[in-house]
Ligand code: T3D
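There is one chain below, alone, in C-alpha cells, taken in the form predicted alone.
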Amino acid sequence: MSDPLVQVSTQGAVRTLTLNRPAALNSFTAAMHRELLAALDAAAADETVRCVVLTGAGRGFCAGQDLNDEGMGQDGAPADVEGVVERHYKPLALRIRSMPVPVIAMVNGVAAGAGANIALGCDLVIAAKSASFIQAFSKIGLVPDGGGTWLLPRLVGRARAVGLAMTGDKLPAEEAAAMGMIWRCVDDAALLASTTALADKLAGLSARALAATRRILDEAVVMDFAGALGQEARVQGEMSRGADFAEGVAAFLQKRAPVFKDR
C-alpha cells in the first residue's frame, strides 16, 4: 500500500490535513486533489470537527502544480491547463471558502504558484520565518490561478499584487506578514505550537459564527456601506436565533467559559 497523498489526523476538535508528496515539495497532482477534496468534505461533514489545519510534509508547504502530471502537456500531448484549473483548483478553492469551520494554513516552507494561493485562500495563514510565497506563474507563461487574481489585490492592494504576479519574485514570510498578506510569521521552532494554540482557540468558539464572519467580510468587499450595514443586521439576526448566542450570553452573565455547539 502506498502512503496517502493527504495524511489526516485529529486532535480533539482540530482536523489536520497534511499534503504528503515531500519529495516533490507537495506539488499538486490530480490524485492529490481528489484526496484533499475528499478529506475536506469529510471534515465538513463531521460534526466533531471545529477547525481544520492545512499543511505540508517535509520542507515545503506546496510548490504548486506538478508539471509532469496529467493535463500539463507531458510526453508531447497538448496541454489542458484550463481543464486542470476547472476540474481541480476551482472546486478546491471554493471548498475551502465554504467550509463550515475555520481553516488555517500552516506554511512550513515554500508555497509557490497555486500552492501559495490555496494557502492564502484559507482563513488564517501562519508561516515559519523560513517560509516564502512565490507567484511563479509568469515564469512559465501563465497567470495566477487558485484564486490568486481575487485574493492578491484584496490582501495587499493592486500595486503589490501586480508586482508579485508579474515578477514572480520570492516573498519571505516576514515580509508577507508585514504587508498584511498573512496573519502571522513565527520562528520555525514555534510554528507547530503557535498553530495548535490558534486552532484550539478557534475550535472553542462558535464555528457557525466564524463561518458567517468569513462570508460577510468577503461579501462586503463588493457592497456599499449601507449594503454592508444591512447585511450585518440580517446575519446578526440569523446568529442571534442560534443556540450559540444564548450560550454565549449565559456564559458571560454566569462568568464561565461558553460551550458552543452550533456549526
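So that there is no doubt, residue numbering starts at 1 and follows the sequence shown. Note that this is a predicted model, so its numbers are computed, not measured.
Separately, the form predicted in complex with this ligand exists; it is not shown, and the next lines address it.
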Would Arg59, Val110 and Asp145 all count as contacting this ligand in the predicted bound form, using a 4.5 Å heavy atom cut-off? yes
Non-hydrogen atom contact Ala23 with this ligand in the predicted bound form at 4.5 angstroms: yes
Since only the chain is shown here, I'm wondering whether Met179 would be in contact with this ligand in the predicted bound form (any heavy atom pair within 4.5 Å). no
This ligand contact at Ala131 in the predicted bound form, heavy atom, 4.5 Å: no
If we define contact as a non-hydrogen atom of the residue within 4.5 angstroms of the partner, is Trp150 a contact of this ligand in the predicted bound form? no
So which of Met72, Met166, Leu94, Leu192 gets a non-hydrogen atom within 4.5 Å of this ligand in the predicted bound form? Met72
Contact assignment for this ligand in the predicted bound form, among Cys122, Ala161, Met99, Val84, heavy atom within 4.5 Å: Val84
Heavy atoms within 4.5 Å of this ligand in the predicted bound form: which stretch among 151 to 159, 181 to 189, 133 to 141, 100 to 108? 133 to 141
